[in-house]
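Coming up is one lone chain in structure tokens, specifically the form predicted alone.
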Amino acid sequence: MVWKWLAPTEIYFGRNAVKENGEVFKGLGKKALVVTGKGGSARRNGSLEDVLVVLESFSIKWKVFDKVEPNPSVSTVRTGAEIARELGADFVVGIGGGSPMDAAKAVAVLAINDLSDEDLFAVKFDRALPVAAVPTTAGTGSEVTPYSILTWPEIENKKNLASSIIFPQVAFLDPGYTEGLPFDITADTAVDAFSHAFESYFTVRANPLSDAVAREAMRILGPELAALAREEIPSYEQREKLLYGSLLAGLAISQTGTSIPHAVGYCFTYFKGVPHGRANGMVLPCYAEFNWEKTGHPKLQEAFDVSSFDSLEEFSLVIKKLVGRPPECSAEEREKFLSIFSQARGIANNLVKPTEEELAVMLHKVLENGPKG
């Protein structure tokens, strides 16, 4: 048995994580670019104010870049990087869901590296500014991963920038920042987190430690998905579980990456505007069915058991209730999607690599909202 593990992010978890551990920012530098979303949620939930107050208290100069859109584009992070250079920033703070945190990582690279888009994604760099991450949704786990997922119009898709250099140096997880999230965003991000753990468990890169972390994430998140499917409004304690489960799932994929649901879901997000976590969820039931039929691997039943689902059918019903109907797609769109995601690296990361014909069947079932529960 040979495997490796690298998870260098220092983690602070709990209410008031930023305010009670603000001295950590002192070790990152004297000028910070604070990257957050254009929707203003970081202002509404108090996370941005908490970070700025702490930076002020330690005489750290700062500037806010609040132009990050959902599924951030390469052009947006280039704009942020230019602002970071003008400021002379020596670290970056990413506040928000996965989009601002992913953008912050890319900004940290481009602020000190002159790179073409191709060289950026090819990881032709060996340094980046330190990043502090403050998640305000419980879904992406980006605060502990070496990934930055960016929209790249040149390929008409999202693309993964992956490098150990962009692991955040520190992460502050305060469940209180998630308390005001609308129900649909809570559900979408919870599905995203579960998808990370579930996919990680069936990758070819899985190892004993990633499996243990993924199982624990599924144990925590499975019952919370079922509660959300019953349209229960999460309590603070449940939001704490969701954020912790998301963190664990992020740690799992930081080692293993993701696979088929993410590869297929990116097309739904890029072309049809489906939120990322919801897009993954639309693929999960058919993905699980495919793995079950092709391998019969005992890990599938283990995943259902630990997640408190009795069967594939119950799992499918819960996920479908949370994510709703898939988008309408023409025959031409289906053909285009297949041509794009069949070439994605994540397809080969699954326990068994599907053929293009099998992927076409899976896409058909997804868009017909199957398998039937």
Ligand code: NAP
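Remember, it's a predicted structure, so these values are computed and weren't measured experimentally. Note that residue numbering begins at 1 and tracks the sequence as displayed.
Keep in mind that the form predicted in complex with the ligand is not shown, yet the notes after this line are about it.
Peer 1: Is there a non-hydrogen atom of P153 within 4.5 angstroms of a non-hydrogen atom of the ligand in the predicted complex?
Peer 2: Heavy-atom contact with the ligand at 4.5 Å: absent for P153.
Peer 1: Would S316 show up as a contact with the ligand in the predicted complex if we use heavy atoms at 4.5 Å?
Peer 2: Judged by the heavy-atom cut-off of 4.5 Å, S316 is well away from the ligand in the predicted complex.
Peer 1: Can G281 be called a contact residue for the ligand in the predicted complex at 4.5 Å between heavy atoms?
Peer 2: Heavy-atom contact with the ligand at 4.5 Å: absent for G281.
Peer 1: Are any of the heavy atoms in G245 no more than 4.5 Å from a heavy atom of the ligand in the predicted complex?
Peer 2: Close contact is absent here: in the predicted complex, G245 is far from the ligand, nothing within 4.5 Å, heavy atoms only.
Peer 1: Pick the stretch from 284-292, 191-199, 108-116, 222-230 whose residues have a heavy atom within 4.5 Å of the ligand in the predicted complex.
Peer 2: Stretch with heavy atoms near the partner: 191-199.
Peer 1: Residues A214, Q255 and A263 are flagged as a possible site; in the predicted complex, is every one of them within 4.5 Å of the ligand by some non-hydrogen atom?
Peer 2: Negative, none of the three is within 4.5 Å.
Peer 1: Just to confirm, with a 4.5 Å cut-off on non-hydrogen atoms, which of P208, G88, G273, G180 contacts the ligand in the predicted complex?
Peer 2: Contact with the ligand in the predicted complex is made by G180 alone.
Peer 1: Between 92-131 and the ligand in the predicted complex, list the residues on our side with a heavy atom within 4.5 Å.
Peer 2: Contacting residues: G97, G98, S99, P100, D102, K105.
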